[in-house]
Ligand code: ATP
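Single chain ahead, written as structure tokens, the form predicted alone.
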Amino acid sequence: MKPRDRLRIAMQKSGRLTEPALDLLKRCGLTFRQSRDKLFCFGEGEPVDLLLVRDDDIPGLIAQGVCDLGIVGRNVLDEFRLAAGREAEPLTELRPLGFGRCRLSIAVPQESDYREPRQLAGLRIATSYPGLLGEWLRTQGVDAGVVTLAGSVEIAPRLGTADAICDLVQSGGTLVANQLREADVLLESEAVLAGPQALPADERGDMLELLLKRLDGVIQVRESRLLLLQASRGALDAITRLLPGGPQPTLLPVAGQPDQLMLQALCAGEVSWRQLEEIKRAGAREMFVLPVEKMLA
């Protein structure tokens, strides 16, 4: 295979991860021009290209060296690693990306008296994740039958082909519609940036390091807020103790008022009205809460 000098990322062509992944890359300063067949996106500003494929194919493309990275659900990545075993190129989760959250769960009929995993012994469990389910059953010491299905797992109990299921759950609405209830969680999943354990030792490796730094900055500020306020020096200790997330604030003098300071603090997460009111009672005034667009450490 001819060596590449451009970083290539595999991602879902269409689905619940597609738009959030494209938005995340856009926030990292990456722009793309899509090919006519809509399967390849050429990076216009940086040497980073996208390959748009089925999510189940992404780990394999990374392991084969066709792509350097992939944006994929943790459930898909972990299932691939279990199925591939030690023979395939070892893949790792480089960054959790904070979107596409769901969970891989055991679900049983609503009338079931399920209370613990050992009650699954001898039952048939339908799933699209036989590796993850089999590993979980082994850790629980449960001997159950695994029925592997490519899709429509939730209807298996109604068709009589399984007694329970192991499937992805978001809101739980699909389970209710099929007269099932969530009973046990095997895996908390979200979109992750996946790649090989041995990163490229050329220009692609340099671009990967830059991309990871940008990702860290985007993810860190995505839910962060910049808090600005004025206060007297005597109130600083009480105010600092109330800052959400406990950040170390930056203090600036106020012209013509030696006892007054301007405080700014980068707070991790939302700053609620209740928190603002508590800070005001501690002596703050003229408070502003601003969104953070970008940050580079």
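Note that residue numbering begins at 1 and tracks the sequence as displayed. Since the model is a prediction, treat every value here as computed from it, not as a measurement.
Form predicted together with adenosine-5'-triphosphate (ATP): not shown, discussed below.
**Student:** In the predicted bound form, does Arg101 have a heavy atom within 4.5 Å of adenosine-5'-triphosphate (ATP)?
**Tutor:** Answer yes; at least one heavy atom of Arg101 falls within 4.5 Å of adenosine-5'-triphosphate (ATP) in the predicted bound form.
**Student:** Taking adenosine-5'-triphosphate (ATP) as it sits in the predicted bound form, is Gln170 near enough to touch it, meaning that at least one heavy atom pair lies within 4.5 angstroms?
**Tutor:** Contact with adenosine-5'-triphosphate (ATP), yes.
**Student:** Any chance Leu17 has a heavy atom within 4.5 Å of adenosine-5'-triphosphate (ATP) in the predicted bound form?
**Tutor:** Contact with adenosine-5'-triphosphate (ATP), yes.
**Student:** Does the 4.5 Å heavy atom contact test between Asn75 and adenosine-5'-triphosphate (ATP) in the predicted bound form come out positive?
**Tutor:** Result yes; Asn75 sits at the interface with adenosine-5'-triphosphate (ATP) in the predicted bound form.
**Student:** Would you point out which of 268 to 276, 50 to 58, 233 to 241, 252 to 260 contains residues with a non-hydrogen atom within 4.5 Å of adenosine-5'-triphosphate (ATP) in the predicted bound form?
**Tutor:** In the other structure, the partner sits against 50 to 58.
**Student:** Considering Ser105, Ser189, Ser224, Ser128, which brings a non-hydrogen atom within 4.5 Å of adenosine-5'-triphosphate (ATP) in the predicted bound form?
**Tutor:** It is Ser189.
**Student:** Along 213 to 227, which positions have a non-hydrogen atom within 4.5 Å of adenosine-5'-triphosphate (ATP) in the predicted bound form?
**Tutor:** Result: empty, none.
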